[in-house]
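This document opens with one chain alone, in structure tokens, the form predicted alone.
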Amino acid sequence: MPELPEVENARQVVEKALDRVIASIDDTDEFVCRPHGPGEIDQALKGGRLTAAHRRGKTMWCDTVTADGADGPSLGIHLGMGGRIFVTGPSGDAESLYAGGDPHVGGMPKKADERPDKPEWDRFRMTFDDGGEMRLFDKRRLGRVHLEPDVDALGPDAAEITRDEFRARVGKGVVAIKAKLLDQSVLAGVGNLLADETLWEAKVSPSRPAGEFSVAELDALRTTLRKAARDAIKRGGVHTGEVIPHRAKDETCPRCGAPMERGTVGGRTTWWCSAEQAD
């Protein structure tokens, strides 16, 4: 499932679609575009432009303006379990950023053994008056595109959370530290893989109660989390983390060579180093 790094990469791709006039929108997939009926998003946005692409945690949305320059409704885009965003440039423009016709792609990385894409897996398509387009590709049909998404229930973004916010939100209670990091109302964007990578890098037991951490330990954990998120964004996704390939039976810690252990923390499958992350 996309975590903060994958959604940030998708947001950066959506930026390629900003300030281009929207000619039409295919919003006929009523499940992906719920609660809107076919044509409702098209009617709200056609003739206008996307003006900014935002992200908080795993949630992404765009500001819009209408054809007459007034503020339009925000457009929420959720990648689901494996969605990708494709943006193509102006058709026939050989000097454009998109020379050669190759689209910019952001979101979940394509697996080596994945089947070829099918046109029907494009669940939402926005066509611009320059001939280019932005589309949500979602094989499993678990993504979503809708107007005026609500982000008020989300905590601060995990890659941007301040030191004081992290101390106040994370460093309290008897809940396991991994479960606290996964709580999107506490801080937004950490998924199962990023949590395991962060705690492994920090040499912290995933089941240690959050309220037991000292201020210095919380500050160090926040620094590690932000670094892990930035590194994953830079490398193309959280799957590139150092410990991620070793989250498997009979694997060993890539740092010290001790056996990796598996358990359940916060209702999620969790892997940790049996030596450096022991309780």
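Residues carry their position along the shown sequence, with the first being 1. Predicted, not measured: the structure shown is a model, and the values here were computed from it.
Heads up, the form predicted together with the DNA isn't pictured, but that's what we're talking about next.
Student: For Arg247, is any heavy atom within 4.5 Å of the DNA in the predicted bound form, or not?
Tutor: Although the DNA is absent here, Arg247 would touch it in the predicted bound form, with heavy atoms inside 4.5 Å.
Student: How about Pro90 - does it come within 4.5 Å of the DNA in the predicted bound form, if we only consider non-hydrogen atoms?
Tutor: No - in the predicted bound form, heavy atoms of Pro90 and the DNA never come within 4.5 Å of each other.
Student: Is there a heavy atom of Gln184 no more than 4.5 Å from a heavy atom of the DNA in the predicted bound form?
Tutor: Residue-level check for Gln184: yes, a contact with the DNA.
Student: Using a 4.5 angstroms cut-off on non-hydrogen atoms, would His78 count as touching the DNA in the predicted bound form?
Tutor: Contact check for His78: yes, within 4.5 Å of the DNA in the predicted bound form.
Student: In the predicted bound form, does every one of Glu6, Arg144 and Arg262 come within 4.5 Å of the DNA, counting any heavy atom?
Tutor: Answer is yes for this spot.
Student: Just to confirm the contact call: exactly one of 159 to 167, 68 to 76, 134 to 142, 200 to 208 touches the DNA in the predicted bound form at a 4.5 Å heavy atom cutoff, so which is it?
Tutor: Among the listed stretches, the partner-contacting one is 134 to 142.
Student: Where, within 182 to 207, is there a heavy atom within 4.5 Å of the DNA in the predicted bound form? Residue list please.
Tutor: Stretch hits, in order: Gln184, Gly191, Asn192, Leu193.
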